[in-house]
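Starting off, we have a lone chain in the form predicted on its own, written out as structure tokens.
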């Protein structure tokens, strides 16, 4: 049976990976408990409280065949306030995991990056070879992690691959996330029959992808040797305006209230949409969860 170490396994993506993989492999979770999204995990999953920056984390790496590295400092705002803390987690933490993997018999190292590496899009949809010009320390640190992964593949033969998720959402998401967190904030308002707040004219677009599709993509990566040494966009290839999103949520939650428009926030990207041609070609990836279906999952869990 495969042995898989999932760093950040109590967070949004990590916890859904645990749910999907625990029947197929021996799962160990390494997490510092800083942003736990659940109260319990499936039986048989080994939970270790630890930090990816610690040298002792290497001891857990060598006991596994596969590393799925989801642990990270994920707040753009926090990265702007404390770039050093961001780099310590996202750069040095990732490098610590990679170095441990290099010294072990690892068959796959999967790194979760971010579409934040692109910065302001020069064209839509965004392909993987789009210029990478991050607007925040967070984007820089995630790009640095990618570069280290690709270098470790080329220089040391470590089988690494990376995904760049666009706007992941799920009922376990962090509402403070400025990208996917908009869904949680809109839902909170809709449940209370209050007006959702939209910054700007609401015509800005985003590519929202269900965490279930992210998990499916990662499983495809684990099964495909051709994925090694590659970076893949992880999105739906479709975008929606924030106005359309707000109205969809109001409709689902039967909230007959107007949208509350506020001044545009400085630095917000106007449009974003992924090109997932590469993931389709190499991995056979196809997103399966429509945005409406994903939003209905929120309503079901809140019922």
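Since we're looking at a predicted model, the values are computed, not measured. Numbering follows the first chain given and starts at 1.
Another form exists, predicted in complex with a small molecule; not displayed. Remarks below refer to it.
Visitor: Quick one: from 215, 150, 198, 104, grab the residue that has a heavy atom within 4.5 Å of the small molecule in the predicted complex.
Guide: Residue within 4.5 Å of the partner: 198.
Visitor: Just give me the single entry in 182, 72, 110, 190 that has a non-hydrogen atom within 4.5 angstroms of the small molecule in the predicted complex.
Guide: By the 4.5 Å criterion, the partner-contacting residue is 182.
Visitor: Determine which one of 203-211, 150-158, 81-89, 217-225 lies within 4.5 Å of the small molecule in the predicted complex, judging by heavy atom distances; exactly one does.
Guide: Comparing against the small molecule in the predicted complex, the contact stretch is 203-211.
Visitor: Determine whether any heavy atom of residue 168 comes within 4.5 Å of a heavy atom of the small molecule in the predicted complex, and answer yes or no.
Guide: Contact check for residue 168: yes, within 4.5 Å of the small molecule in the predicted complex.
Visitor: With heavy atoms only and a cut-off of 4.5 Å, decide whether residue 273 touches the small molecule in the predicted complex.
Guide: Because no heavy atom of residue 273 falls inside 4.5 Å of the small molecule in the predicted complex, the answer is no.
Visitor: Taking the small molecule as it sits in the predicted complex, is residue 265 near enough to touch it, meaning that at least one heavy atom pair lies within 4.5 angstroms?
Guide: Result yes; residue 265 sits at the interface with the small molecule in the predicted complex.
Visitor: So in the predicted complex, does residue 116 come within 4.5 Å of the small molecule, heavy atom to heavy atom?
Guide: Residue 116: yes, in contact with the small molecule in the predicted complex.
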